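One chain comes next, on its own, written out as structure tokens in the form predicted alone.
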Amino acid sequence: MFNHKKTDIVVLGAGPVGLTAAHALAKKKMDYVLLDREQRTNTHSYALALHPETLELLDSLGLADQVLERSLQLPRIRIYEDDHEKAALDYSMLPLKYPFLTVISQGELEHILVDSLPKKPLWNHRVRFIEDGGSALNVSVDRLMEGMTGYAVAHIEMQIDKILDYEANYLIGADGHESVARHIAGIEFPEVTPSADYAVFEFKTDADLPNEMRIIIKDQKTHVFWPLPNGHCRWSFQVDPGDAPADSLNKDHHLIQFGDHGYAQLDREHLDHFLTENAPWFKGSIEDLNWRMLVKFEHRLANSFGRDRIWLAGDSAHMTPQAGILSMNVGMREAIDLAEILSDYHTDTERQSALADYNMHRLAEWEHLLDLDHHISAVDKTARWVIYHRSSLIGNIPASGETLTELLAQLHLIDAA
């Protein structure tokens, strides 16, 4: 009896998307519970920047000032072919409240979201199963705790402390690309474009870093540079298909050290080679090289954003090219949309009608964002170069909605839809 709980909404996943959903529900004074199987927020992840619209969203939650205090603001993107600049995207020219990209680590963003949330996430809570009982969902959850195991060598494993049963009206699945919610709902998650493998390095440098993000296209590969706060930078160099392990996209909750059995592409010699070959303009030291990963970025889109009482937002519904950081940014807006639907409508009939519209609009938006509907066309020579390299650029531009339309216009591209 004590382990059986009731709530209106279960939010699954306490990353930026799930935390945003929880903030929106708390603001509406809704009854919810936020569950995450991990012990804490991410120590490191691949998402590192907020779109202008996302900062406005956080402003509506009263969090923009905290984010700005801990971040770096980038007013532009430059696009290179080899060592030659081909195009520039200038956010400062757009009629936005925050006309820049806001660079902040996902871990830092999550700390801000957690610290300001009145009802904290329940960490170490792993969903065992979800059943649709018709009038409600039955969500069985393992509450985990650390336990000692092993005979010759003792080590710590997470063990089940208690099994909790939640009865909920709806579930928001913000539980990442391996989403339990999506799997339970029976929603397919097909690949929409081929995956891309990257060697990612983050380090401190004494270089005079340009205050802009850079995309470098060379030999049919796409490389990405981000300046970070406090003299750090991140480089993502595209490598050959198959170089990254298949499960490499799992969030890095524990920093990975690479020793004798690490990957050759991640050693200092390869980093020097990557920089010399692809960014000869970079002149500076390489210090505190404390994060380096081989990552396979898959590009997938769910064929539905929900079913019955289970609805998706963020990585659980889409995986996109890495530089655009679309899944997190658009996913946070999706979380707000779902929270508002479940807050503003009270009967199942009203909620289901609004959720059906949510599904229709989200699928159309993502077809557009990833140009799966081929709505982008060129108007001059510069734009034809961009179209030729569309596979390197579509999804890698950190923008959505009207901002993306305005930036495409700066590339002399038009929206033919």
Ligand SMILES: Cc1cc2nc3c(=O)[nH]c(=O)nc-3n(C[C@H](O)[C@H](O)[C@H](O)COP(=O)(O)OP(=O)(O)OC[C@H]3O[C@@H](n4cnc5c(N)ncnc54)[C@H](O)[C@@H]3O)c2cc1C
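All of these numbers come straight from a predicted model, not from anything done at the bench. Sequential numbering from 1, following the sequence displayed.
Although not depicted, the form predicted together with this ligand is the subject of the following passage.
Contact annotation: of the candidates 80, 291, 282, 345, the single residue with a non-hydrogen atom within 4.5 angstroms of this ligand in the predicted bound form is 291. Note on the partner interface in the predicted bound form: the residue among 216, 74, 328, 137 having a heavy atom within 4.5 angstroms of this ligand is 328.
Within this chain, residue 367 is remote from the site of this ligand in the predicted bound form, having no heavy atom within 4.5 Å. Looking at residue 176, you'd find a heavy atom of it within 4.5 angstroms of this ligand in the predicted bound form.
In the predicted bound form, this ligand sits within 4.5 Å of a heavy atom of residue 38. Though the partner is left out of this view, residue 302 does not reach within 4.5 Å of this ligand in the predicted bound form, counting heavy atoms only.
Against this ligand in the predicted bound form, the set 52, 196 and 408 makes no contact: no member has a heavy atom within 4.5 Å. Screening 206-214, 96-104, 312-320, 183-191 for residues having heavy atoms within 4.5 Å of this ligand in the predicted bound form returns a single hit, 312-320. With contact defined as any non-hydrogen atom lying within 4.5 angstroms of this ligand in the predicted bound form, the contacting residues in 5-20 are 12, 13, 14, 15, 16, 17, 18, given in sequence order.
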